[in-house]
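A single chain, nothing else alongside it, follows as structure tokens in the form predicted alone.
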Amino acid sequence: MSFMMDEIMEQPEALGRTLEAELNHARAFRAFAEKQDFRLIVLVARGTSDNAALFGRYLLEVTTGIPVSLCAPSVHTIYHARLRLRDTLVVGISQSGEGSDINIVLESARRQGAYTLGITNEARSGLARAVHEVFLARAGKQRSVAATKTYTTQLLLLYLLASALGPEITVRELSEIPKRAAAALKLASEVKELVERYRYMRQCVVVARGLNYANAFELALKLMETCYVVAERFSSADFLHGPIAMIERDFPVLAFMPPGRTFSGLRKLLERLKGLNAETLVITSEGVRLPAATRALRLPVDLPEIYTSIPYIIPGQIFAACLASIKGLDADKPRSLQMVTKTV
């Protein structure tokens, strides 16, 4: 078994540790944030952590009403722009905490009047030193270059941040997430059987919308970096504005399709893809009715859409790890990659 698969299986415990350790921190931050009255949140990250930030944008805007921006680091690192960041919360997200451009942005934002917060797996990192305070993931040591448990613990910390900034995310629901992650792992044997069908896949599309849109980016990234599959990712709405033209018979389309607000639109897309004879694989929940000829990985959990993002990515992670293995690739050591990537 690969380190990547080991770390996928460690996620329920990592999520439980993180929740237990940071729950009181989130409660304390709520009292602080109420006094600060933040008018804007800016998220800054790269790679897998940038996918977590994309999730954070949806989650925080939906649950707090505070506008959220995804930072373009080059605005700070190359163009040296001076932004007016008073009353702004700037959140840096990095597994290692050693991304040069992320830390430069945080230092710049702090000078320009922002309150800075870090989300990282490394308490002694440069990011931890650069910010006012840190929400620390307890994912444990990451041995595989392809991040899995650090991604889901970052999502959990963003849930905790949302619970501190608004009323919609509840501790009761968050306490169920480690159990839901464990339930998602039960799909591993089914995924291992299914993945043989995709042994020779060289390209695909991953689609989602709303709170699972970030998971489309994350699954596509895992397929690109561990399986060398050209994986394009789209909002299901954007997909209809042009990219659907490339779909032909047997073209693989993977979709995240939780019950909830985004379901109807995704169902209509699947029906259209069926008419184009595409090869569709959907990550969804038990009991959901899908168009005929659609393959599905069904999570054995019934939960509100807003809490689906962590359990829904886990079958995708398993799919990527298994596909790499069946292709004879080392998922732990993707070519041309290393654990920490430093850019400016």
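Residues carry their position along the shown sequence, with the first being 1. Remember, predicted model here, so these are calculated numbers, not experimental data.
FYI, the form predicted together with another copy of the chain isn't displayed, but the following is about it.
Residues A181, K274 and L290 are none of them found to lie within 4.5 Å of another copy of the chain in the predicted bound form, as judged by heavy atom distances. At a distance threshold of 4.5 angstroms between non-hydrogen atoms, E107 is out of contact with another copy of the chain in the predicted bound form. Although the partner is absent from this view, E133 stays clear of another copy of the chain in the predicted bound form, with no non-hydrogen atom inside 4.5 angstroms. Heavy atoms of D302 never reach within 4.5 Å of another copy of the chain in the predicted bound form, leaving it off the interface. A residue is said to contact a partner when one of its heavy atoms sits within 4.5 Å of a partner heavy atom; G16 fails this definition for another copy of the chain in the predicted bound form, lying far away.
When you look in the predicted bound form, the only residue of K186, R129, H241, R111 with a non-hydrogen atom within 4.5 Å of another copy of the chain is H241. Distance criterion of 4.5 Å from any heavy atom to another copy of the chain in the predicted bound form singles out A231 from the list A139, L155, A231, V195. Per the 4.5 Å heavy atom criterion, another copy of the chain in the predicted bound form is contacted by stretch 55 to 63, the sole one of 310 to 318, 22 to 30, 55 to 63, 277 to 285. Contacts of stretch 249 to 276 with another copy of the chain in the predicted bound form, defined by any heavy atom lying within 4.5 Å, are made by F251, R261, T262, R272, L276, listed in sequence order.
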